[in-house]
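Okay, so here's just one chain, in structure tokens, the form predicted on its own.
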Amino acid sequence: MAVTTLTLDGALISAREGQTILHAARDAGVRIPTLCDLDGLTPVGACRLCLVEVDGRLVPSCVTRAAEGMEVSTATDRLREYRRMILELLFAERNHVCSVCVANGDCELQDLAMELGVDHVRYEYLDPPCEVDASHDRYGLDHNRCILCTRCVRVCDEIEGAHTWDVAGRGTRSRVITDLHQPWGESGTCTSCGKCVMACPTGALFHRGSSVAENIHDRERLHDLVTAREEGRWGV
């Protein structure tokens, strides 16, 4: 396998042929924040939190392949400011109230806000009217917490193979939907596997009837499923 050599934050690192900057950085022990990326799912570059500077240009590291001689910066003041701005816009776009959220303490959006020092939002809150879909007997959907990372859409399509989830609407009116915008509990394609709930980075998808402490997103389990399939553990 061909190997590419590039410079990451001033240090020379190697990347496998076709590997993205994000995964090359992870292999080198350099963390780049993300929200839409999840191991095992196709990267889409939706959240833009993984922006890095390549020769002075801003590019999403999750969908940009490492190239020979590339000079990459992952933690400049400019990048930190853009990441703070992206987080603030996500908070302003929906109704994220951590104190009453089922994912409080197990939320990647909350974790990143603390990591990047986001203690206030400089933008006007949109306060959109967002519904809560409690039609499913095991799970719930709270659009107030959704950041449109589309992890649920991709995990349902690419790992479960059901493609129950999709995105409807445009701009700030975009919403994740099940089937043709049917209530989740009436979906004819949902297998109730719960992979979408495991993949969700916030409290948008949750287990009904469970306490905050019990609503833990088990994302490592998804990684185990993907790895098991790749290694053919089940002979399929």
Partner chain sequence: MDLEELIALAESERAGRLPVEVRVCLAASCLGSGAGGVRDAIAGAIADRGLAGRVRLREVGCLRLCSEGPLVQVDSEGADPALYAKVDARLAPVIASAASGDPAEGIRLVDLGSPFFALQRPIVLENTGVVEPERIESSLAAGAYRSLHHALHELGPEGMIAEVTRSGLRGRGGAGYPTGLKWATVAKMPPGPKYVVCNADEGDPGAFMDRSVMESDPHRVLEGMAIAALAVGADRGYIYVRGEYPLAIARLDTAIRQARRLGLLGSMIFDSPFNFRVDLRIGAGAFVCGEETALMQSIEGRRGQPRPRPPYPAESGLWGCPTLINNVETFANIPAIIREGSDWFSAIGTEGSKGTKVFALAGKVRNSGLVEVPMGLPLRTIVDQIGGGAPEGSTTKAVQTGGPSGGCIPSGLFDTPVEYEALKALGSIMGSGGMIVMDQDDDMVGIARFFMKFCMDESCGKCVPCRAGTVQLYRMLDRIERGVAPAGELGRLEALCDLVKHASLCGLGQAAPNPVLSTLRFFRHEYESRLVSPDGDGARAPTPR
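None of the values given here were measured: they were computed from a predicted structure. Residue numbers count along the first chain shown, from 1.
Another form exists, predicted in complex with the partner chain; not displayed. Remarks below refer to it.
Proximity to the partner chain in the predicted complex, single hit among Cys130, Met114, Met85, Val97 (heavy atom within 4.5 Å): After the contact test, the surviving option is Met85.
Answer with one of Pro183, Gly40, Gly45, Gly194: the residue that has a non-hydrogen atom within 4.5 Å of the partner chain in the predicted complex. Exactly one residue meets the criterion: Gly45.
For the interface check, one of 47-55, 183-191, 26-34, 198-206 should have non-hydrogen atoms within 4.5 Å of the partner chain in the predicted complex; which one? One stretch meets the cut-off, namely 47-55.
With the cut-off set at 4.5 Å between non-hydrogen atoms, does Arg138 touch the partner chain in the predicted complex? Arg138 lies outside the contact set for the partner chain.
Check whether Asp77 has any heavy atom within 4.5 Å of a heavy atom of the partner chain in the predicted complex, and answer yes or no. Taking the distances in the predicted complex, the answer for Asp77 is no, it never comes within 4.5 Å of the partner chain.
Against the partner chain in the predicted complex, would Ser210 count as a contact residue? Criterion: heavy atoms within 4.5 Å. Looking in the predicted complex, residue contacts with the partner chain do not include Ser210, since no heavy atom lies within 4.5 Å.
So, in the predicted complex, is Val155 in contact with the partner chain at a 4.5 angstroms heavy atom limit? Judged by the heavy-atom cut-off of 4.5 Å, Val155 is well away from the partner chain in the predicted complex.
Does each of Ala2, Ser14 and Met70 have at least one heavy atom within 4.5 Å of the partner chain in the predicted complex? Not one of the three qualifies.
Within 4.5 Å of the partner chain in the predicted complex: residues from 126-148 (heavy atom criterion): Result: Leu126, Ile147, Leu148.
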